[in-house]
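Shown here is one chain on its own, the form predicted on its own, set out as structure tokens.
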């Protein structure tokens, strides 16, 4: 059955709630978990399911992501038949190259969709992180005769001030039959939230997108799923594993810190379903005589001679003697000079914190510094 499915990932949505982290990259390219990027999880889930045909729709700030993905070799998607297809925007008579929403994006890549020989489409968003395979949801979709099957989880947490692409499912007691949908509700009636995974028959997807596009539709959820509750058979498939939604600075920081908990890390880094990423042959992290490290996700290639506690540290980070880092995220190539002190801080790639500086944020309001700054 898995050989009859292909994947399509939309990475073009803008997200102002991610602020400085998406000035030069898409949300899908944001580093996460010490050595990965958000896109690694979505791609790996498809590959671990046995999907060998994956289209990746990009629109803005996608150069770093294309550099990261390359030919798809690390995901075993550099193939003569099928493989990884990067689908950047382009201008034609019918397409301006600037997408108003995902309906425009899907319409612009319809040639790729039509020539894909598979029968079923796994339509994926790009800011939800989890580790699973889609065998069970595909099986339920086929056996139930559903038009669309939405993967969801139960998430009681709600951040109304940071609401972004929040789709809630109203379900019958069986937990499968969808009776209603709520889109960015101010007062949600349900804790069942979409994981940005929709399984749909390819031909139905073509018809729905073409019809919506012809009527001026912009958003797949708002213009297809919401009105489709009345006319389509929409089912839900519940996922009970760990889910991280990277839709704001606050949630990015919160979910990153959750990886310091062994249960969350064990679920997300499930070795039965490995997460693939671009390989960088770094040396092992070197710990100096004065290094003091506790409860840290530490990547390779680092030089640590200061104190690091309750933090996420990416590749190639340097923490000099006398520096103190707590409750922070240090991305690739960061340097923290001697005597500096950080608490609740996010440093993007290649940021340098000068000696003696003190940077302090708060829980729920971390300080964020964009790439290549010297502080």
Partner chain sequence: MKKKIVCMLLAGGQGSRLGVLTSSMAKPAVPFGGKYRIIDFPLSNCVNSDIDTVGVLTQYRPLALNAYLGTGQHWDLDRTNGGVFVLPPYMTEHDGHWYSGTANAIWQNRSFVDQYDPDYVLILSGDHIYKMDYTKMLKFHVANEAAATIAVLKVPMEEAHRFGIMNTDENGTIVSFEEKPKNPKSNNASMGIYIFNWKLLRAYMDRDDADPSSENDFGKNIIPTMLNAGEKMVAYPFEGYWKDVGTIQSLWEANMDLLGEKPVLDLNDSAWRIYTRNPVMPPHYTDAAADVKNSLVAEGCVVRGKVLHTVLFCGAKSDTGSEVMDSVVFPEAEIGRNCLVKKAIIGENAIIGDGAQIGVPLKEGEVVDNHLTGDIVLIGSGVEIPAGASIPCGAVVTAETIGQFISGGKEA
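Residue numbers count along the first chain shown, from 1. Quantities reported herein were computed from a predicted structural model and do not represent experimental measurements.
What follows is about the form predicted together with the partner chain, which we do not show.
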> So in the predicted bound form, does residue 248 come within 4.5 Å of the partner chain, heavy atom to heavy atom?
Replying inline: no
>> residue 112 versus the partner chain, in the predicted bound form: is there a non-hydrogen atom within 4.5 Å?
In response: no
> Any chance residue 289 has a heavy atom within 4.5 Å of the partner chain in the predicted bound form?
Replying inline: yes
> Hey, in the predicted bound form, is residue 276 touching the partner chain, heavy atoms inside 4.5 Å?
Replying inline: yes
> Exactly one of 224, 296, 142, 244 has a non-hydrogen atom within 4.5 Å of the partner chain in the predicted bound form; which residue is it?
Replying inline: 296
> Which of 87, 123, 146, 303 has a heavy atom within 4.5 Å of the partner chain in the predicted bound form?
Replying inline: 303
>> Only one of these stretches, 202 to 210, 235 to 243, 278 to 286, 123 to 131, has heavy atoms within 4.5 Å of the partner chain in the predicted bound form; which one is it?
In response: 278 to 286
> Though the partner is not shown here, which residues of 27 to 43 have a heavy atom within 4.5 Å of the partner chain in the predicted bound form?
Replying inline: 33, 34, 35, 36
